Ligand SMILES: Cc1cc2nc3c(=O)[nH]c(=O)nc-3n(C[C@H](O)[C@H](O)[C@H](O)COP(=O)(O)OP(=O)(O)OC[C@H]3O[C@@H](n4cnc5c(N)ncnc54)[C@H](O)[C@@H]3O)c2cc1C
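In the block that follows, a single chain appears as structure tokens, in the form predicted on its own.
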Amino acid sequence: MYERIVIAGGGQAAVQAVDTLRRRGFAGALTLVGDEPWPPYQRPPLSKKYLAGSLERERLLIRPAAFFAEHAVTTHFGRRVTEIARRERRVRLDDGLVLPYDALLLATGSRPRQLLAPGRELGGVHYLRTLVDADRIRAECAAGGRLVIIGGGYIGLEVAATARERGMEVTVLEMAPRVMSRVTSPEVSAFYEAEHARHGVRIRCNETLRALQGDARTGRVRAVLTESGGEYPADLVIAGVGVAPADELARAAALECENGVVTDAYCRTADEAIYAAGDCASHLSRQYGRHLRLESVDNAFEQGTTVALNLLGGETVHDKVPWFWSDQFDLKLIIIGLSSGYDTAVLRGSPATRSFSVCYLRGGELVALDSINTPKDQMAARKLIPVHARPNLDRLADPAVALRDSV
């Protein structure tokens, strides 16, 4: 049984591991190291309610500030683990403090990919990942201001919807032929492009960033230039071009990393005393038969639980079907499973009703579902996908037939 557990990271996976360990009776020393100066908080609202000003900072906290002291958790907020000494089982923090461990959880998350174009250092150019980022952006989101968002993924479109509702002029630039192209079908992309256009958001696809042009007098961005010759005036620019796993600490410790810290199905690295969970982890999925790195709150929550149970002596496999969500205007998109590699997409319902689903199949098996304002479909998909269901295509395409009855 472990006596000293150290957790590097202060997000959802870290908090869930702490909560599960204490609730399941772990009485040893538990230490949490988070590189931000406040207790762990939820990130999804940063691009939505918090950015809109309708959610207070205190309500972002995953657990109340007093939770950690009440559960005898030693915290080092505003500190960062800089080195892992695997043989000695010790970590060193950026202030020089050395912490011994019997088991270590890496929950270091991810960080935004950076723009490489000239002008990226200009004032008014932002990324959205942390509370500080959101506060800076919110301070500059003025009604009538011109916002250009680089990237048409979840973050870009969520910020676009929020900023438009705050009265800004919003343009989204996407280098791919359609928005959300990595995660959804052309039908869903077209629907969201139309919805954003209906709300006054300008979306320009097939646009590659060339440079950010600044005002010599103020040092702030004034326009975004693209390779096609486009020039988009901007008072504010937000880059949402994806994230990369924060796995530098693991790499320096000679742990295997390939698009994240590589783990087995138990969230354990090749070092039996070190686990990884959340955005930084590439875990072996038995459901999909390959390693996956997933960027979602649900995945972090489930992996944090799995790690805790295994630290308590269990042999729990992390093999949940992943799910993701995105709130844009009054639309709730929920994605169950992973659609990559699908060979058939079946539409249930009509996009014109603003309530429909798209089912993705590979070799006749249901592997994923996109649900737009259709809670019954996504709830059924959660049960069908794990059992590798093979629905009848005619029944699947009929929205009058319940999804659960299509098999």
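Everything numeric here is computed off the predicted structure, so don't read it as measured data. All residue numbers refer to positions in the sequence shown, first residue = 1.
Another form exists, predicted together with the ligand; not displayed. Remarks below refer to it.
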Problem set entry | Glu158 within 4.5 Å of the ligand in the model of the complex, heavy atoms | yes
Exercise. Could you tell me if Gly11 has a non-hydrogen atom within 4.5 Å of the ligand in the model of the complex?
Worked result: yes
Exercise. Taking heavy atoms and a 4.5 Å cut-off, does Val307 contact the ligand in the model of the complex?
Worked result: no
For this session: Using a 4.5 Å heavy atom cut-off, state whether Val297 contacts the ligand in the model of the complex.
Result: yes
Exercise. Based on heavy atom distances of at most 4.5 Å to the ligand in the model of the complex, which listed stretch, 142-150, 72-80, 234-242, 187-195, is the contact stretch?
Worked result: 72-80
Exercise. Of the residues Gly124, Gly337, Gly109, Gly260, which one places a heavy atom within 4.5 Å of the ligand in the model of the complex?
Worked result: Gly109
Problem set entry | Selected contact from Val172, Met180, Leu311, Leu249, since only one has a non-hydrogen atom within 4.5 angstroms of the ligand in the model of the complex | Leu249
For this session: Heavy atoms within 4.5 Å of the ligand in the model of the complex is the criterion; list the residues of 31-46 that meet it.
Result: Val33, Gly34, Asp35, Glu36, Arg43, Pro44, Leu46
